[in-house]
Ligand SMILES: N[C@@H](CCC(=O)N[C@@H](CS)C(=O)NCC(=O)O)C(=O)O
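Okay, so here's just one chain, in C-alpha cells, the form predicted alone.
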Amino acid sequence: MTLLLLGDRAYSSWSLRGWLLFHRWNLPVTVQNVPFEHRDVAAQLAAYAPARTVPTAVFEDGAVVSESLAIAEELASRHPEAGIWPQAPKARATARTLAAEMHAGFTALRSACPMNLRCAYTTFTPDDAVLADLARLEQIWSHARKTSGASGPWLCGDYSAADAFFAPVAARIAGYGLPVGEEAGAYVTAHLRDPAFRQWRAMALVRGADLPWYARDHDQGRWPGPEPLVATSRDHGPAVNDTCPYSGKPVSHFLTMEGETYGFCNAFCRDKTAVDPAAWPAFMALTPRQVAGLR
C-alpha cells in the first residue's frame, strides 16, 4: 500500500492537498505524520530520500514522489479509472492549468495568510498584493466554470484535482474573512461543507501542537463552516455499538450525542468525531439522524 507522509493538519496546506488526492477518490493509503513542531521536516524524511518536503508519497514499487502536483499526476497515471482529472479534454486542460498556477503562485496570499484551521480571524485587513491575488482567483475560477460548463459547486464539473489544490485557499479566505464576490464565496462554502475537508479539519483540531509561528495577532471569531452537532466525551459506556465505526475494533472510549452513547477504539477516533460528528458518515450511520435522513 502507498505510504503518504504528511505534515501538521492544522497548518500544512500542501499536506491537505496530498491527502485529498487519495481520500476523495478512496485510493488505498497509509498515512504517517511528520510533525512540524521540531522544524526538521527534511531530517524526519531522511529514510525516504530524496524527499525533503511533505506531502511525499512512497508507492508500492518504491517510487518516491514529492510535491502535490507530481502526486496528482502520478495517481492519475496509476489510477486512470478514478477520474482525478476531468474526462473532457477542455475541462481537463483547464483543471491542470489552474492546479499548476496554484502550485507556483499566489505568494502574497500565502505569506500574509498562512493556513491555520484552528483559527478564524475577524480583523485582518488585506493589503494590495493580497487583494490582487484574490482578484486573480476570482478570474480563473470564473473562467474555469464557464470553460467547462460546470453547473455544480466545483470548478470543472465533478470534483477534480484542481479543487483539491484550492481547498487550502478556501480555508484561507474563510479563516481570514477575505473579501470575494458571490460566485467565489459559493465556491469557498462548497469546500467548507465538503465532508472530506471537514474530516481533515476535525483531525487538525484534536491532534498536533499549537505552533505559535503560524499565529497572527488579530481578533478571532467562529469558524464560518457548518455548525457542528454537539457531542461530548464521557468516561464509560455502555454504547449503542460494540465496535468502532472506523476500525471495527472493540470500543474503549465514548461520547454522548443527543442522548445516546457511542463507542470508539481509541481517543483519537472519539475526539475527531466529537468536534464535527456529521463529517463522518461511518459514525452517522449509527445514529437516529441517519435513519431519518437528517444531517
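Quick note: we count residues from 1 along the sequence shown, nothing fancier. Just so it is clear, the model here is predicted, and its values are computed rather than measured.
What comes next is about the form predicted together with the named molecule, which does not appear here.
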Work out which of His103, Arg207, His143, Arg78 lies within 4.5 Å of the named molecule in the predicted bound form, going by heavy atoms. His103
Given the stretches 226-234, 34-42, 239-247, 259-267, which is the single one in contact with the named molecule in the predicted bound form, using a heavy atom cutoff of 4.5 Å? 34-42
Please check if Phe22 has a heavy atom lying within 4.5 Å of any heavy atom of the named molecule in the predicted bound form. no
Quick one: is Trp280 in contact with the named molecule in the predicted bound form, heavy atoms, 4.5 Å cut-off? no
With the cut-off set at 4.5 Å between non-hydrogen atoms, does Thr53 touch the named molecule in the predicted bound form? yes
Can you tell me whether Ser12 touches the named molecule? I mean in the predicted bound form, with a 4.5 angstroms heavy atom cut-off. yes
